[in-house]
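Included below are structure tokens for two forms of one protein chain, each presented in isolation as structure 1 and structure 2.
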Structure 1
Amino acid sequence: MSILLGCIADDFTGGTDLAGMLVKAGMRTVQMIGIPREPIGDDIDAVVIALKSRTSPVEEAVAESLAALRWLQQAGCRQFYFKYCSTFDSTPRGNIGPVGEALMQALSSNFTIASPAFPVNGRTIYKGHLFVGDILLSDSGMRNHPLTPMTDANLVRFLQTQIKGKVGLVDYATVRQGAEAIKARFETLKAEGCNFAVPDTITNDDLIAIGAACADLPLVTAGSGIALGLPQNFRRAGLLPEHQVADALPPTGGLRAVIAGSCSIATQGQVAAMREKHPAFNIDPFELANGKDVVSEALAWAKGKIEKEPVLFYATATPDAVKTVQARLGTEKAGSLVENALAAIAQGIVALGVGQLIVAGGETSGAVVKALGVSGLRIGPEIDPGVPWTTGITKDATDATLRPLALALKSGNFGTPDFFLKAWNKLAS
């Protein structure tokens, strides 16, 4: 087995986002939940190892990422990719910078890019500043994120607080000139002692040019957008077929459900849209904290409904409501209570016959796939930019029967308001 691209994602939905982009570009891709323990097959061009390291302590995130890198090196990967969120979710202490530096050192490299841009989802960079739509990242809803509040949109300045090395800018005047000009700027930055380059990015064409300029870099650190530009490098080298169907999934049956743990603005709108059309059950963290058996209540509520139509289980709430919960219960306890409850509900509804499941939120997705015992996902067709359907294998909690499961693991910020309503149409019947 020889894998072309080995990827390390700092959360589960981010890993799925990247894997979906690679599949769209014609790379047969599998996403592994944690470091693989079993063979993954020979018909794979790219592997994404999804960790849960985005909000881990820095030392833990670095150690897990290095362990994932070692596995990918042993698998024979030709290039490596550290994937983080398109809103650069981190803190002044880390984890993006420290993990990137550690991976570079392990690869005996001293230069890479930092490129969270994803224009199709409204993430652009100009003069080193990250925009969400028409506003600076620091003015967006991310300023209120409970774990990684982003209050500085200047990526050059912000990343500099996280690393021991130096960060430089590839400005838009250079980027628009194409790959060769970008590569020349890389060389200038290296000569100036820079270890990271932040390239301005306004359009998808910019990402393709930046990707081409990265062909010889051992390591790329980015959101999923740069995946538009990397696969073509392998084609030019004769390592990847020009035309290859990479998103075919086997048909899956079963009942349908949605689990939403994200409190992002996008997910709030998606929850509201689904509540208008289908039954919905709210998970109250205060009831969980008081010892109420919310999981049993939710599963009892679902019986008789889930056989007729998709149902929604949600803990999604406004930023003010989240702050109130965290103030009374503590941030870590509140998050753990909700994640554990949603994961247990996922186990319960799969036992009821759910075979097509949408999960919203990176932390929630991580908890759910772990509870379901899913170790790997084959990536299929895209629902919305950055969110594909996948298929995995789950083990029934009661009789240990292995069964296929279709999963859509959605980053909280992604998707149109009708995402939960339209996603099913992308699955083969």
Structure 2
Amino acid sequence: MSILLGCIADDFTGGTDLAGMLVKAGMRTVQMIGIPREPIGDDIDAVVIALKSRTSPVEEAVAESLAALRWLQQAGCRQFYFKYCSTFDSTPRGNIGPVGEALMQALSSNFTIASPAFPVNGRTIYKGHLFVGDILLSDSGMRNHPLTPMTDANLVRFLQTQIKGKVGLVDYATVRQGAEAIKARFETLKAEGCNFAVPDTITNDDLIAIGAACADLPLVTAGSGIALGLPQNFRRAGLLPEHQVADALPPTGGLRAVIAGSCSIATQGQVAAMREKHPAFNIDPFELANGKDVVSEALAWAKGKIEKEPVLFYATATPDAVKTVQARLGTEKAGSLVENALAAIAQGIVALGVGQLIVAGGETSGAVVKALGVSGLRIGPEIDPGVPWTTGITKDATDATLRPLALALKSGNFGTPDFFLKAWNKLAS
């Protein structure tokens, strides 16, 4: 197995973001949910291990990231990528700096970059200061983030508070001159005892130049933007084909269903659009709370319908209805009752022959993926920005009698109103 790029993401959706970027850049990519326990396929160029370490205690984040690194090293990765948020979500203690330092040490390296920039998404860096759109990070809504309030936009100064080593700047005049100048500046910074370089970045071309300058670094630490530049390094080295369809998934076939546990506005519209065209079963949290066997009822209802057309199971409700449920049952209890029911329905319909499943809602997706024993996702074609089709990797992946399961895990507010109707067209059946 020869994986080129091994990535560690500090949260799940950040991991998906990076995985999608790598696929678009021509790298066949798998996203693993936590540190893998089983081997993964050998037709893969990049692995993203998604942790939940963004806001965990520093020591935990470091230990988990090192464990992920060990797995990626054993898988033969040539370069490593620590992915964090493009708003550099962290505190004066961590976790970006300490995790970056620990990974560097484990890789016997003493130099990396720190680059949350992503100009197309409005994240630019000038004189070391991170801008969100037209304003400094410290003037943006991130100032009031409940867990990681960002009150200093100067990344050189802020990262310095998190680490034992030293941070330096690659200023814009240098970045504009391209990859060779950036590399030369890296050498100067190293000679000055710096371990992290924050490169100024105004345009996507800058990111590509910075990516090229990072070809020989064992570790990069960045948002997902640098993923624009890294794949080209592997091509230049003859390790990655010039043109490669990276988003092909094995044909899955099987029946089609949608499970919606999100109450976000986009999902409400998508549920309404699907209900007009296909059979739909509503999950009532009060019935669940009263102990009614809603799951068996839903599965019995589906028989005879699901063989003919896609069906929808939804708990999606209006904000007022959700408030009433939460007031009577408690927010957490209502949430977990609904999540558990939807996860059990997912298990039931897969047993009925569903091979193509859309799930709406972040928490809901987590519950469904867990119930189905899915430990990773092979990233396929994008349906709408940020939502690709994937195939689930399960412990029994080597069991040829098991049909691969196509999954589209949609964060609540993503997708156009016809998402549930059009998504199937992107899949080979």
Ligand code: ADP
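Small disclaimer: the values here were computed from a predicted structure and weren't measured. Throughout, rigid core stands for the largest set of C-alpha atoms superposing within 1.5 Å between the two forms. All residue numbers here follow the sequence of structure 1, with the first residue given the number 1.
Asker: Mark the structure, either 1 or 2, that is the form predicted alone.
Answerer: Between the two, the form predicted alone is shown as structure 1, not structure 2.
Asker: Please indicate which of Q232, L169, T91, A246 marks the hinge of the motion between the two structures, where one rigid part turns against the other.
Answerer: Comparing the two forms, the hinge residue turns out to be A246.
Asker: Once the larger rigid part is superposed on C-alpha atoms, how many degrees is the smaller one rotated between the two structures?
Answerer: The rotation of the smaller rigid part against the larger one between the two structures is 30 degrees.
Asker: How much does the C-alpha of Q270 move between the two structures, in Å, when the core is lined up?
Answerer: Looking at the C-alpha of Q270 between the two structures, the offset is 12.6 Å.
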